[in-house]
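Encoded as structure tokens, the following chain is the form predicted alone, with no partner shown.
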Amino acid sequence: MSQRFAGLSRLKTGGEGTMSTYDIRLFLRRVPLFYSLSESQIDMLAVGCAWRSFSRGRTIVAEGEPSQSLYILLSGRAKVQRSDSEGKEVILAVLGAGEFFGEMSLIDDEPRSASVITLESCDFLAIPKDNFLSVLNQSTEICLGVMRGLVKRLRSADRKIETLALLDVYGRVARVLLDSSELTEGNRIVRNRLPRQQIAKMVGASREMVSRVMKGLESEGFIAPMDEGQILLREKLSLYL
């Protein structure tokens, strides 16, 4: 999906929050969720939209806050994270360019269920709540698109629960690596750097344990390091699942 948005982060026409109406409409047209919308509905979404740019480690939305916008990533990656009263954190998902978040709170009017924090510099578009709900009420396709997104996340949550309950740490790490990989010329490659601490928060283990598991997988020939932090996954890695 990210190639569909290649170059769009350079469409900004000034400081934070400024983006031409033409550029906003162009971006919205490239979001699969909005493919079926009419020109007037795209215009309705575009009114009041704000472009934002956050550096690495910034919180876009915080768990427990009220929701006022639907967010769509224009570039970069961000993690969806929850934490408990003792500060223990778990990463629920990693989002990339073109993906949206914040729709759950807009629909049920409940506080945000998780925080979204940038893993690298990110550009994103914030669509006001009223704009989104107005279009949602007019378009069956948008409703179905949101439902498909929610079902996708529910299936992902089911698989994560199954992984945590049934697999050992080796299996959980293998699942994260496979889920984070891309198929390129017949090879599965993790292209985006995955810090050990990030993996640890995704599998419910310590950073030290994840480091031992990664070293074990490498020494046994299940994975191979590549340039710029990329990782080549061998086919036999699936044996851990």
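Numbering starts at 1 and runs along the sequence shown. Since the structure is predicted, the reported quantities are computational estimates derived from the model, not experimental observations.
One more form of this protein should be noted, the form predicted together with a small molecule, which is absent from this view; the next part is about it.
Engineer: Where does the small molecule sit in the model of the complex: which of 164-172, 137-145, 91-99, 124-132, heavy atoms within 4.5 Å?
Structural biologist: Checking each option against the 4.5 Å cut-off leaves 91-99.
Engineer: Taking Arg77, Leu177 and Leu194 as the candidate spot, are all three within 4.5 angstroms of the small molecule in the model of the complex by heavy atoms?
Structural biologist: No residue of the spot touches the small molecule in the model of the complex.
Engineer: Does the small molecule get within 4.5 angstroms of any non-hydrogen atom of Ala114 in the model of the complex?
Structural biologist: Contact check for Ala114: yes, within 4.5 Å of the small molecule in the model of the complex.
Engineer: So in the model of the complex, is the small molecule close enough to Ala46 to count as touching (4.5 Å, heavy atoms)?
Structural biologist: No, Ala46 stays farther than 4.5 Å from the small molecule in the model of the complex.
Engineer: Heavy atoms within 4.5 Å of the small molecule in the model of the complex: does Leu33 have any?
Structural biologist: Result no; Leu33 lies far from the small molecule in the model of the complex.
Engineer: Against the small molecule in the model of the complex, would Ile199 count as a contact residue? Criterion: heavy atoms within 4.5 Å.
Structural biologist: Contact with the small molecule, no.
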